[in-house]
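In the form predicted on its own, a lone chain appears below as structure tokens.
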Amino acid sequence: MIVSVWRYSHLLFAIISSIFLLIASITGVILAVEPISNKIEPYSVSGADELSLAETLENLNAKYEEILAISRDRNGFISVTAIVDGKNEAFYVNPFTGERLGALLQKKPLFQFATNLHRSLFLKSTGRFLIGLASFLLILITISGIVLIAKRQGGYRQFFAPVVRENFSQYNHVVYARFSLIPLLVLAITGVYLSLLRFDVIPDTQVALQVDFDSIQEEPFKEYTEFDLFKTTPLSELRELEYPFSEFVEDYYIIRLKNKEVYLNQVTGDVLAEEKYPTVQVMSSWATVLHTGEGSILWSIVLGLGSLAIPFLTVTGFIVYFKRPKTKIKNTYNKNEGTYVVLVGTEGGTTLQFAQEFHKQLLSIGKKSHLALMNQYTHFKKMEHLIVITATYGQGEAPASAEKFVHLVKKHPQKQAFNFSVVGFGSTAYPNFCQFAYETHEVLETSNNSTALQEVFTVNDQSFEAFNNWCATWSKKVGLNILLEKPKLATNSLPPSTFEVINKAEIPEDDTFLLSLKNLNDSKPISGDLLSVIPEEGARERLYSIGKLNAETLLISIRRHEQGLCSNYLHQLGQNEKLTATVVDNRNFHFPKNAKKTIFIATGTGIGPFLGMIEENSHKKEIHMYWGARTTNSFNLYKNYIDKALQDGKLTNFKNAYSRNQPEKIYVQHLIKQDKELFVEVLKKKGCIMICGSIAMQKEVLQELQQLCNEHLGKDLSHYQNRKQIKMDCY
């Protein structure tokens, strides 16, 4: 509920202010160029700021017969107003020599147009009010955006943790928002401040010095170069200095510095009056600088990029909203007819696509399936099987379409017996991976007449393979035969490429084989990426982890299944035969370049990508590998690669665990316990642990690592997951 309040507030503010913000952002980008173009003008003189006022006046007075004023702007350019050949002129000068550098900068027509549009929309006071209101709404949008990102990422400490990509708009909206929120907040706050200043809501207090003319002294006479203020004040502090109007002692120097205004006796150098600028005036000056970027190329670029982000965030934000699943789902059977009820909890719509595919296949085999959102849980008169497919939002919370589920389960106990299964969708990059799925399982387990058909099944990073595995297990338990088709989700895959088979090695008793492929195309996969293979038209895609041996040669390790269409297709490929497949970017499972120590954990064919990573370890960083299989014969497929890597120093250590070599089964998690000091050291010293293989192995390994973290590091395993020190690609 709280998330919804922030979300709808964020949307409402965006809708109300979008037009004005778009105008302000586009003109803001244009105006960000102005201070940059001014700053690069050749009027800056190196070392000028270190000159004292006394030195500056002496240099300029020697050059010009009569000077009226000296100024220093925010760019650091020094200008004088002087009488030259009987004419009053203003121009930039070199304060060392008095040399004229050029005429004062004039605002260009484009910038003048953009300024008028940016400040008032050419609507005078009405326009200024609207822009001020839009700035205030931008503050609210920014704050609500910060809260939403923090909740999505699992807390403020995870604010800059990796973002799970659901689709282009969602991913880039979050990524770009994180980097532009601070400059946007500064622009919004200063914009509101300047608007309030313009409408006199904030009084623009000015200094008003009073001179006691009766106390002005005419002695002792001093040269102006001997005045203490002139000698001790650097030019960098100056805003403006006005010369005395005449030589009469009643006329004095008026000096405006960064923090105060001073009147100075022109004969004795005595301070006649002095006052620091009011706080409001200082704040107004800072607000102007922060809002315009005047005087700083770097800040102007930041503001320009921040302004440029507004149209992008507006468009992607609306796309994200309108792509969200709507509550209307078409059903062949209503809620009282369905014997199979599929409920979905989704945030961005991805999980709904998986649920729809499952629901569609149930209907295709003649089952009465009813699909609904979790928030639509109610009495289902004929429900025999309940399948809940749900994502988790932020810190383990329910997604928007499932916020009421727990309450509704308690409110609507089912009258007939039913079994249930829960599938959780999420990313292991987040600390509370699939937590809401576990909460869903618990609440269903305690409800009337329910029986859990299986434990919670989790799907990492929208893995269709994992979802398909769950479906196969579930189908077998209920006696159905369901074949899923992969939903059309956004992927990072490249166009199909052609590969040539150059070698095949196998262990028949293990039903595993190793294919060496020559890359005939320009695709440049990295070890850890995936190879998408579809053996024939209409067949389902299979993904295999890639090990890259060199620029041309790739390895994929495959387990052959008796009825496996894809594994048998790959197995029958002969020497020099061609394979068309697609490389899928798997950026979260690439070798960590900055880690000094890395541990690989794999079972069976999960060793494939690690063989490539080891081969690429030209800097011979410390790599420890733990690999599990059935028997020592299983190792023969990879033995040459491992032996050579150990010999070349590319692999530091290799340990195996065979489950069928001895009466007592040994698994990789047992090796972790034996070598716990190494694992603790790697995590403590910012090393990385990579896991590839079966989901079952992953679960056991994570439990072991969690225990190590609790006992020896005093931190939760999620702490290291969030820092990308734990990388997984299991299936």
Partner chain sequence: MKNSIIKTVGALGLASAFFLLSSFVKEPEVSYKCMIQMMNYTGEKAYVVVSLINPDGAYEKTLYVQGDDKEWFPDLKNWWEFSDGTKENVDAISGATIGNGERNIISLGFNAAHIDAGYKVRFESAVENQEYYAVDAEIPLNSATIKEKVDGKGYIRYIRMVPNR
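Numbering follows the first chain given and starts at 1. Model, not experiment: these values are computed from the prediction.
Missing here is the form predicted in complex with the partner chain; even so, the following discussion is about that form.
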Item to check | Site test, I83, K124 and I254 vs the partner chain in the model of the complex, non-hydrogen atom cutoff 4.5 Å | outcome: yes
Checklist entry - Which of these stretches, 402 to 410, 178 to 186, 84 to 92, 362 to 370, has heavy atoms within 4.5 Å of the partner chain in the model of the complex? => result 84 to 92
Next on the checklist: Quick check on this chain: which one of F136, F591, W470, Y243 has a heavy atom within 4.5 Å of the partner chain in the model of the complex?
Outcome noted: Y243
Checklist entry - Pick from I40, I666, L68, V680: which residue has any heavy atom within 4.5 angstroms of the partner chain in the model of the complex? => result L68
Checklist entry - Though only this chain appears here, would E509 touch the partner chain in the model of the complex if you measure heavy atom gaps against 4.5 Å? => result no
Checklist entry - Are any of the heavy atoms in Q112 no more than 4.5 Å from a heavy atom of the partner chain in the model of the complex? => result yes
Next on the checklist: Taking the partner chain as it sits in the model of the complex, is D200 near enough to touch it, meaning that at least one heavy atom pair lies within 4.5 angstroms?
Outcome noted: yes
Checklist entry - Is there a non-hydrogen atom of T288 within 4.5 angstroms of a non-hydrogen atom of the partner chain in the model of the complex? => result no
